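One chain comes next, on its own, written out as structure tokens in the form predicted alone.
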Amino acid sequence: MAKKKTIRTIPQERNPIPVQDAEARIRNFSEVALGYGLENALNECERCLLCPQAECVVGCPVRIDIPGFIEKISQGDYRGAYDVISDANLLPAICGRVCPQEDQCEGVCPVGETLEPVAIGRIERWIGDLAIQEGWENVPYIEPNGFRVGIVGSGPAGIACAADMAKAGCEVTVFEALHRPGGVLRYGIPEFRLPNDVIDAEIERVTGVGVKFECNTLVGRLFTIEQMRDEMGFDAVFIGTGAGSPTFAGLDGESLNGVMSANELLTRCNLMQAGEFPAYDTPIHLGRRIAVIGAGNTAMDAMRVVLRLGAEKVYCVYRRTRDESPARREEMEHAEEEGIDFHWLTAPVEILDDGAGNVRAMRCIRMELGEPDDSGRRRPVPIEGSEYEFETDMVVYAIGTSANPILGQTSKLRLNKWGYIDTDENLATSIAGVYAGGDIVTGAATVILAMGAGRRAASSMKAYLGLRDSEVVYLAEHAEGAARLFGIDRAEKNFARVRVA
């Protein structure tokens, strides 16, 4: 019997992940973090205490059995580890790269109370990459049930919902407005953080469970949500379109040439190969001195992209300090290593014209931190008389996104006051049989939270369709005292649907 591990007996140091040298990587779009090798992965697994009541599982929005897959790796059963992960998440190589584990599973790891927490994300990435390399798949036996499900959006929420509904036996079709599936994974995250071949490989797994993708299909323009439910014959619909409409600050000068959103910049570069113009017909008109307003992950991505495209100087302009930045620490550190010039406690007040309709500079004001606001962060307060000119010839906004209005304009979906789709606790919308989740409901959040919403919606959709859901049927509360009909738990819903003409 294996001896129980304690904080004193596990390896004390977290295994570092190798990265490209900063001077080399700013000249290419190859992946920055190179990933663990076998030795590092095994060493890091040794740091896991294999807690019987694992908080990391609760901290994971899709409820991966983290101790379960780590124990499999420690035993040398790598395929078994992949099977454990993919039971809850078909995108481990993606999530291992882009999820903010430090705020989720790793944030509640008890090892982190004394040492650095177990690098769960790095281990997940390692097993996900190994699965791609070895061609592993985890396709369960699927009994078709005759129901048709439509998914709007092929981002993380849509993919997670589609996979669960396909595994339940539904015929699932995912509609994507752009020409390649993946949603924000494809257009919003640069290849040096998430390579396209990883996205392709993991989406191929989703097609492996029977999901069909229809690209170049803009729902709300080609057909409406109501038409999907009625004329097109979908028994249930999930909306996971994200929140991709950019936000601006409303400053004078925002209509000048040289002002764009980070969404547009990243989409042009990540999805439409703007960096290879004129080989691809997607010009970007890059400036020499580029100021990015904001300091979240999208801002970090935008700054590091334009640096690689050849900008001479790239600035981060943010009205708070480094401590209040919402970006992941790793992304911040990589940006600093690459030479991004950070201007903390600085806010733009006007974008200045060169006389020919182009950006010449910004007028900025210095800030100081006051009392905390609703977000818990200290509120930035302008310092009177501190305005000055900031030289730049291109301004990129990365201060958040809002809901795309197309679906709200073309359907009778109830929206909240911010324009996001209004749902109940089961993620059901105001239209019967239509569910929604992810950023289109909550506003901009993380990849894994969107996936968690997709899985929650799938559970609700299965209940709506009367499908047996073993994850619900066999919960403890159904074991004793549950309502039964002819000896069968009512949650099994063993009845036949009858359509009335």
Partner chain sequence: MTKRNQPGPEGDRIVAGGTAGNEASANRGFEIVAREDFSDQTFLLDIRHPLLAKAARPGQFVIVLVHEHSERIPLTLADFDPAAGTITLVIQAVGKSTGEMQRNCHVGSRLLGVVGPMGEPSRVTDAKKVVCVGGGLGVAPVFPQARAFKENGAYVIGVVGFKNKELMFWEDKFKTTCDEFIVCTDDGSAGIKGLVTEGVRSAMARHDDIDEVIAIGPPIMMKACADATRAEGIKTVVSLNPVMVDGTGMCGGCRVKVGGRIMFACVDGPDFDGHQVDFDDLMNRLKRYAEEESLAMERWSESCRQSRETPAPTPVAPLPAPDPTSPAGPQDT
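Numbering follows the first chain given and starts at 1. Please read all numbers here as calculations on a predicted model, not as lab measurements.
The next section is about a form of this same protein that is not shown, the form predicted together with the partner chain.
- Heavy atoms of G107 never reach within 4.5 Å of the partner chain in the predicted bound form, leaving it off the interface.
- E387 falls outside the set of residues with a heavy atom inside 4.5 Å of the partner chain in the predicted bound form.
- The closest heavy atom approach of P181 to the partner chain in the predicted bound form falls within 4.5 Å.
- Contact between G80 and the partner chain in the predicted bound form is not found at the 4.5 Å heavy atom cutoff.
- Among the residues L130, I365, L256, I399, the one placing a heavy atom within 4.5 Å of the partner chain in the predicted bound form is L256.
- Scanning H285, R329, K417, K412 against the partner chain in the predicted bound form with a 4.5 Å heavy atom cut-off leaves one residue, H285.
- Of the candidate stretches 181 to 189, 371 to 379, 418 to 426, 313 to 321, only 181 to 189 contains residues with a heavy atom within 4.5 Å of the partner chain in the predicted bound form.
- Not one of N43, S74 and S86 comes within 4.5 Å of the partner chain in the predicted bound form, counting any heavy atom.
- Contact residues in stretch 205 to 225 (any heavy atom within 4.5 Å of the partner chain, taken in the predicted bound form) are T207, F213, C215, N216, T217, L218, R221, L222, F223.
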